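Only one chain comes next, encoded as structure tokens, the form predicted alone.
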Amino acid sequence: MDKLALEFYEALALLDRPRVEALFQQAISQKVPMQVVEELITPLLIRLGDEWSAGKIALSQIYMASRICEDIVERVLPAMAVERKAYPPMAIVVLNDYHTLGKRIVLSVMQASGFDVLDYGRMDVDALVGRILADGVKYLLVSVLMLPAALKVKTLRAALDARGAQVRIVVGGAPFLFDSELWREVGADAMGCNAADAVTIVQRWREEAA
């Protein structure tokens, strides 16, 4: 990790917004904003996710660090920026569940990494399928906390297949962590253990489609 990246990571871990802002300005004086997002911010958010998985930092740090980055990126890459539109349409949803913190964290990390993600909030399967078809969504991120909600992904997959929708689904949440094969059983295309995994998975899918 070069000096700038190390300083940026340390500032993020400490939630030092003024320092993060200053280092980001330094970075974009040398490279275009999207390059800074892809080469600096995204890898460091992924590293923070790994640190959380290893029990070295708190979940609250991930959330606040991603919000800081999200605010910065939104200023240089607003929602309608061409750079954001280079990705396939994607959305995130809480499926038949009332627990939204996980979705909020994943959404913040995705947006801080330069992705344009539709926030569907909480939806049931029938309404969700209609929204996906209307918006032309290709990648869907599903966050759940309870097992009944996780099992609904199987119903969602069947409904999308019946409509001929080519949608890749990545799931995350406690039930999938407890049962490492559950994501396959419900018909998802991938499972993320943390918010950073969502970024890695979507990037991989985009590269495979290129």
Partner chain sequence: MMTAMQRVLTAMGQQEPDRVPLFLFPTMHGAKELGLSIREYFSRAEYVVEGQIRLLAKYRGDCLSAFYYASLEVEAFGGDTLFFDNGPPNAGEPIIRHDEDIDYLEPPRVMEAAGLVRGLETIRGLKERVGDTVPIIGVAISPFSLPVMQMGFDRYIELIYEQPVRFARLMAVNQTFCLEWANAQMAAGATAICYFDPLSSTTNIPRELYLKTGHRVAVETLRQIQGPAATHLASGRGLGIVDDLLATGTAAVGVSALEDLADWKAAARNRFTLIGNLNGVEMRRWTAAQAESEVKTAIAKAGRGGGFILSDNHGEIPWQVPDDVLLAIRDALDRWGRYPLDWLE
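Bear in mind that the values here come from a model prediction, so they are computed numbers and not experimental data. Numbering follows the first chain given and starts at 1.
One more form of this protein exists, namely the form predicted in complex with the partner chain; it is left out here, but the text below deals with it.
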{"query": "Segment that reaches the partner chain in the predicted bound form - one of 39 to 47, 172 to 180, 24 to 32, 156 to 164, heavy atoms within 4.5 Å", "finding": "172 to 180"}
{"query": "The partner chain in the predicted bound form reached by all of 89, 127 and 205, non-hydrogen atom within 4.5 Å", "finding": "no"}
{"query": "Distance check, residue 133 to the partner chain in the predicted bound form, heavy atom within 4.5 Å", "finding": "no"}
{"query": "Partner proximity in the predicted bound form: residue 138 to the partner chain, non-hydrogen atom cutoff 4.5 Å", "finding": "no"}
{"query": "Contact flag, residue 15 vs the partner chain in the predicted bound form, heavy atom cut 4.5 Å", "finding": "yes"}
{"query": "Any non-hydrogen atom of residue 97 within 4.5 angstroms of the partner chain in the predicted bound form", "finding": "yes"}
{"query": "Contact set, 142 to 156 vs the partner chain in the predicted bound form - heavy atom within 4.5 angstroms", "finding": "146, 147, 148, 151"}
